[in-house]
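The chain below stands alone, shown as structure tokens; this is the form predicted on its own.
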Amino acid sequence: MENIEKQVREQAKKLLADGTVDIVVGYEKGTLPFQTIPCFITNPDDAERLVWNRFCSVNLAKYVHDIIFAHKASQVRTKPEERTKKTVGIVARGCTTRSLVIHLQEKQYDRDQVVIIGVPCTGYIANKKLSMAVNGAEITTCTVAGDALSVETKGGKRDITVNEVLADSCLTCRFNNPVISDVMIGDAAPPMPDGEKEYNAVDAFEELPIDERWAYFTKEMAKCIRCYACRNTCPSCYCKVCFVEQSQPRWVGAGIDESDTQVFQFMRMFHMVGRCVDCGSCVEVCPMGVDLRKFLKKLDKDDLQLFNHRAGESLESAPSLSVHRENDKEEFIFEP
């Protein structure tokens, strides 16, 4: 990890110094001992702020899109011949690069506007799991050495294995190495041990009677306070005006009616068909612990089984909803 972190800093400094990029998006230490926050660097001397460790959780692809579009918006009144492009460097693990592939496939920006510093990933620590492991006690220090995690709270010290607190999306990840990069740091990470169990939870859920599945959905959505943190952190949610904020027509009410919350969630989920990379960011930022991943993984499984497609797997793999095949099964048209 330390060697990768050093190389990331060196590459970021070089890219900024020679003008290859205008800004580098990465991670830096947060204010808490077990968290990192997004970091935006424009000065080569600030590259030392960059870190790479088990606490780097948020999918940074969201910021690439926002930075480029903010730059475009700032040039609306600039003469066409004087307009410039913003080039963004990004520290990207496997799931982050898959989100970048989706952006490129959906023509959100050009390939030459993003420089990808690829890093191997062995999973990030989920804050909620870590908190549960120490029974909600306030963590004062937290250090990682290999696969061991040493946590100190006011109640004492505890040693935890990293696997106990890894994000669920990391435990079954099949793309923990970048699928696309301009600069690759370090050696490829080994496959995650539970990759073959990727859809086990979905398989079990599918076996339940439909009324039990609906009951689980309503129970989980009842937790949702519609803070929109899941939408705001998702790299695939980039509409200028989200459907929940439209007034003509109005899709979702502004009140606290449970049906409005359910409509928001399942419409957002269906917007993720063939576009969710299972980075786990929505689950990580949800303050209420809503089980969003189970439903998104169901759509992911259907996408793979019905269309042999995985979101962001490669630039050459066209999104399933943009492709028509003559032999597509279309029974759903007549038997919905």
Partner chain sequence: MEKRVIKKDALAGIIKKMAENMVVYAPVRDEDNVLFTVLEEEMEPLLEFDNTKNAPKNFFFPQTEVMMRYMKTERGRELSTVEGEATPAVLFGVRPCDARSFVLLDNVFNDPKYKDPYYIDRREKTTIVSLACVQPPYTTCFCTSVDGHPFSAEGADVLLVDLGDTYLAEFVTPKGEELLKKMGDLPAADEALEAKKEKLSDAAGKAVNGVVPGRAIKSWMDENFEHPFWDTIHQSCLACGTCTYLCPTCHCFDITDEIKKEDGRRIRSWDSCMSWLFTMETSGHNPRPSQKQRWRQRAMHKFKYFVDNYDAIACVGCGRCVMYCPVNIDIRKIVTDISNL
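Positions refer to the first chain, counted from 1. In this text, all values refer to a predicted model and were calculated from it rather than measured experimentally.
The form predicted together with its partner chain is left out here; the points below concern that form.
- The contact residue chosen from Glu245, Asp110, Asp147, Glu164 relative to its partner chain in the predicted bound form is Glu245, the criterion being a non-hydrogen atom within 4.5 angstroms.
- The contact with its partner chain in the predicted bound form, taken as any heavy atom within 4.5 Å, belongs to Gly253 out of Gly253, Pro190, Gly155, Gly195.
- Highlighted residues Arg226, Val241 and Pro287: every one comes within 4.5 Å of its partner chain in the predicted bound form, counting any heavy atom.
- Between 111 to 119, 75 to 83, 89 to 97, 233 to 241, the stretch whose residues reach within 4.5 angstroms of its partner chain in the predicted bound form through a non-hydrogen atom is 233 to 241.
- Contact check for Glu106: no non-hydrogen atom falls within 4.5 Å of its partner chain in the predicted bound form.
- Not displayed here, its partner chain is approached by Ile23 to within 4.5 Å at the level of heavy atoms in the predicted bound form.
- The closest heavy atom approach of Thr140 to its partner chain in the predicted bound form falls within 4.5 Å.
- Among heavy atoms of Lys128, some come within 4.5 Å of its partner chain in the predicted bound form.
- Along 29 to 50, a non-hydrogen atom within 4.5 Å of its partner chain in the predicted bound form is carried by Gly30, Thr31, Leu32, Gln35, Ile37, Pro38, Phe40, in order along the sequence.
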